[in-house]
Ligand SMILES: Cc1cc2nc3c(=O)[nH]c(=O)nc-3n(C[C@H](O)[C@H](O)[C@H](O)COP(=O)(O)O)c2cc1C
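One chain comes next, on its own, written out as structure tokens in the form predicted alone.
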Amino acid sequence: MAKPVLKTKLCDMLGIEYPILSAGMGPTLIGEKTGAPVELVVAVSEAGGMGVLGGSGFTVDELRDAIRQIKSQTDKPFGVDLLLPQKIDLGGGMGSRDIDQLPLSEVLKSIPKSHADWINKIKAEMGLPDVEVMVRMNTTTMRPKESVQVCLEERVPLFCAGLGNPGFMVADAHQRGMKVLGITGNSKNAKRMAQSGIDLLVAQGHEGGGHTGRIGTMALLPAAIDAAAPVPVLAAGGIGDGRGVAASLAMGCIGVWIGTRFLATNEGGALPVNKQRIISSTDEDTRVSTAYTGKTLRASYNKYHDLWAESGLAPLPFPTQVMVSSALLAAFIEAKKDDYVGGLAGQVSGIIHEIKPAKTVLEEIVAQTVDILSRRLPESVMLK
């Protein structure tokens, strides 16, 4: 059987075979090793798409090492996704300290008493163990300027900003032959990012996992495409098979950015309990909450969502809220209370029923997209 052909402008821009990128998913919690690891990046790129490394949980040195590992395992293009927060302050100026790591218990001394009391109350009521977690102060999220510099020095083919506007580094990236991608959840920000000089924009709908906005994908895509023109747009949020890809291309996008479907693969970096939750979920089994990071974030439903909602507390700024959630979730994991544990996931979880190799997932998505566009759509639509 001949290899399917699915090519858009994005393929020429990035030097890839198929217009499909795996989202640069990173860990949400302190100490997590989840997200988009090297193995997933290599698998997606080797299969003809573009794998994107979720770099938010790496230290600056680990980021450089991971980039070099990818280069040693594939000569195909790949991307790196970093979070670029405008301000970092964990309280007491901790975010500005020149320290590699601190015990989480030490960091928690600087959060508001109301939040610290709530953590202690939940731990006491549920009999949770004390779990000491080390907070790495030298991660890429804590040191975004240094991390961007690593990507520039390593000439990463595609730099992606999962949070923040990367316009400030576009000129330097272009000098090195790199492309720059931004992510938005509304048309206002789409216009602002496009004007900053980026090459590509991902418009992610409310359905998507991880940090997400308020606008649904079908409403967001045409608005973002119009606002960002002539910067081309990729679709994200609720895309997990060829039907979503075909619909995105029909809307005017030049490619897609897929997270949850690639997270639930053999190479995906999610914890086993989180992968299982994805494949056992319905389309109603995710929640958007500020519980994890202080920003609206979609994850698989678990009882921690209920605990936070009942607390009556206001979320702390990112990334301070991550310390609050990490303190409890580390204890839940240690106590094997899986009902209180759930990773990032989108509403598309409802159509994901099996963990497969990333290569197989990409090939199936491409085949279904091509079948829809070349056979099923022409047969079902009468055109004159």
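Remember, predicted model here, so these are calculated numbers, not experimental data. Heads up: residue numbers just count along the shown sequence, starting at 1.
Missing here is the form predicted in complex with the named molecule; even so, the following discussion is about that form.
Heavy atoms of residue 44 never reach within 4.5 Å of the named molecule in the model of the complex, leaving it off the interface. The closest heavy atom approach of residue 140 to the named molecule in the model of the complex falls outside 4.5 Å. Within this chain, residue 23 lines the site of the named molecule in the model of the complex, having a heavy atom no more than 4.5 Å away. Residue contact with the named molecule in the model of the complex: residue 78 places no heavy atom within 4.5 Å of it.
With the partner omitted here, the residue from 63, 323, 348, 329 that has a non-hydrogen atom within 4.5 angstroms of the named molecule in the model of the complex is 348. The single contact residue among 166, 144, 244, 162, judged by any heavy atom lying within 4.5 Å of the named molecule in the model of the complex, is 162.
Figure note: of the listed segments 107 to 115, 206 to 214, 302 to 310, 287 to 295, the one touching the named molecule in the model of the complex, with heavy atoms no more than 4.5 Å away, is 206 to 214. Contacts with the named molecule in the model of the complex, taken as any heavy atom within 4.5 Å, map within 236 to 267 to 236, 237, 238, 239, 257, 258, 259, 260, 263.
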